[in-house]
Structure formats: C-alpha cells, structure tokens
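Before any questions on binding or motion, here is one chain by itself as structure tokens, the form predicted on its own.
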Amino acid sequence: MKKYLYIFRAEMMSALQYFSNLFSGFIGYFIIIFILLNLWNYIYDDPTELINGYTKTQMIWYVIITEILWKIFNGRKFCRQICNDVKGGNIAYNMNKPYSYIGYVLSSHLGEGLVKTVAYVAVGMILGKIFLGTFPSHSVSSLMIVFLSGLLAVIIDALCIIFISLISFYIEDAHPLYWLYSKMILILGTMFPVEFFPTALQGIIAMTPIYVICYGPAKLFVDFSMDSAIHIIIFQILYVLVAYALCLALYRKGVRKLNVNGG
C-alpha cells in the first residue's frame, strides 16, 4: 500500500506544478455551465416547478456536479497512456516492478484527479453561488457521504477505462471503444438525470456504470436521503470489486499472451 501512496503523492505533486494548465479547462467548464443554465432557465417557467421530481435549482446543481466529475475523469489521456503502454511494450517493463500495473496506473490517475477535484469543486461551487445564490442543504455527515460517493465514482470510471484500454492486448486500437463509452457517459449521465429518460430505459441505465459514476454522486448532492445513499454506496462498492476483478483477469490473460508470443 505504501508504494501506491508514494505513486499517488508523486503524481499529485507533478499535477500541482502544472496547475496553470487547468485554467483553459475552467473556461470550457464555465461555458458549458452557462449554456446549460440558460437551457434550464428556458425550460422551467417557474423556479419552483417540478419536472420529473427536480426543481430548476436542483437540475442546475445536478449539471454542475456531473460536469465536475466529467472534468476530473480526463479519460482520453488516461486511455491513451495505457494503450500506448500495451502497444509500445512499456507494459512489459512495468511487469517486473514490485507493484501491480493496475494499482500503479490507478494510483497515478487518482493523484492527478485529486488536484483537479479541489480546483473544479471550488470553481463549481462559486459558479453555483453566483448563478443560483444558494447551496443544497447538507450536514457534515451527508457531505462526507457525497464525497465518498464521488471518490468511488472516480475509481469506477478509472477501472472501466483501464478495462477498455487493456483490450489493446487483442485489438489494434481501443480508442474507438473508449469514445463510445465516453459518449454514453456524457449523453446519458452528465446532462440529464436517470428520471428524465423513458421508464423502460431507466432500468437499463440503473444497471450500467452511468448510475454509479454520474447519477449517484449528483443525486445525493441535490436531493440527499440516507436510503438513497446506502443503496448507491453499496452499488458503487460492488462495481469497484467487479470492475477491478475484470481488469485483473484481462491483464493477466494479456500478460500470458505476451509471454507465449515472446513479447
């Protein structure tokens, strides 16, 4: 565990040195929130009106949180790194290290993600206060649960990207698969809550990573309840265990493939 904490800390310090690179991302984040704010202002005639169980304020906060998560993920760069390790043979170098490759890339990704989390949460809260003038009501304990749900969401997304990227052991390029995954998360999870989709589709979405990556943390932030929190956290933990097991199985099978082929 100490090895992974060291990797995590090293990547976090590296991200802090290039903190200024985040400012261009802040501009894009502001533009997206501004556009969606005006969209929901147009849709909601009355701020207290409920649409599928959400007020205008809740809907805008939902988008603010899901866009924060989207910015933290940075999946394209992460996917490219792992695909290049597989295709370039660098993964063989890491196999001889005294740590798990999956643990290494996950710790590295989370180290960079922590810096982005602090930055984008600060920006998101400021924009929410400016545009809405109020925050959702939370206790210290409920905020800790929301933070835990957000952390688990980032871990699940990272594991999903690792799994997709490791498919590079078997196909020439896994980037198209990541593109499909990212667009599914963006369209079905980031812009609209699950309740906005047809009833038949809601059950399907609830069984996908969208539910635990985007919907769960955002739902708890805008409309917290302990029953929902327990359900979402348990579902997220199960997803972490299953996703990690699948990543490990795919990695080991890919390593055996390399050994058999003399790679």
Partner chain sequence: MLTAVKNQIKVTFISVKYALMREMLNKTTFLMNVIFMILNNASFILQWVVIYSLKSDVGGYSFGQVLLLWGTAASTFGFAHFFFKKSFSLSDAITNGKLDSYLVQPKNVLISAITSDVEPSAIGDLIYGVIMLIVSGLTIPKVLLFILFTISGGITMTSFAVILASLSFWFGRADSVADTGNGMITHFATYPDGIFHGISKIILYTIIPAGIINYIPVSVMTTFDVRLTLLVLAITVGMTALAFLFFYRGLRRYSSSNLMIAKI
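Everything numeric in this text was worked out from a predicted model, so none of it was measured. Positions refer to the first chain, counted from 1.
The protein also exists as the form predicted in complex with the partner chain; that form is not presented, and the subsequent description refers to it.
Of the residues K129, K183, K77, K87, which one places a heavy atom within 4.5 Å of the partner chain in the predicted bound form? Looking at the other structure, the residue within range turns out to be K183.
Give me the residue from L151, I102, V115, L188 that has a heavy atom within 4.5 Å of the partner chain in the predicted bound form. It is L188.
When the contact criterion is heavy atoms within 4.5 Å, does D45 count as touching the partner chain in the predicted bound form? Yes.
Would I210 show up as a contact with the partner chain in the predicted bound form if we use heavy atoms at 4.5 Å? I210: no, not in contact with the partner chain in the predicted bound form.
Is I27 part of the interface with the partner chain in the predicted bound form - any heavy atom within 4.5 Å? Close contact exists here: in the predicted bound form, I27 approaches the partner chain to within 4.5 Å, heavy atoms only.
Looking at the partner-bound form in the predicted bound form, is I233 within 4.5 Å of the partner chain by any heavy atom? No, I233 sits far enough from the partner chain in the predicted bound form that none of its heavy atoms falls within 4.5 Å.
Taking the partner as it appears in the predicted bound form, which of 173-181, 151-159, 119-127, 79-87 has residues with heavy atoms within 4.5 Å of the partner chain? Residues of 173-181 come within 4.5 Å of the partner.
Just to make sure I understand: among 32-71, which residues lie within 4.5 Å of the partner chain in the predicted bound form, judging by heavy atoms? Heavy-atom contacts to the partner chain in the predicted bound form: I32, F34, I35, L36, N38, L39, W40, Y42, I43, D45, I51, N52.
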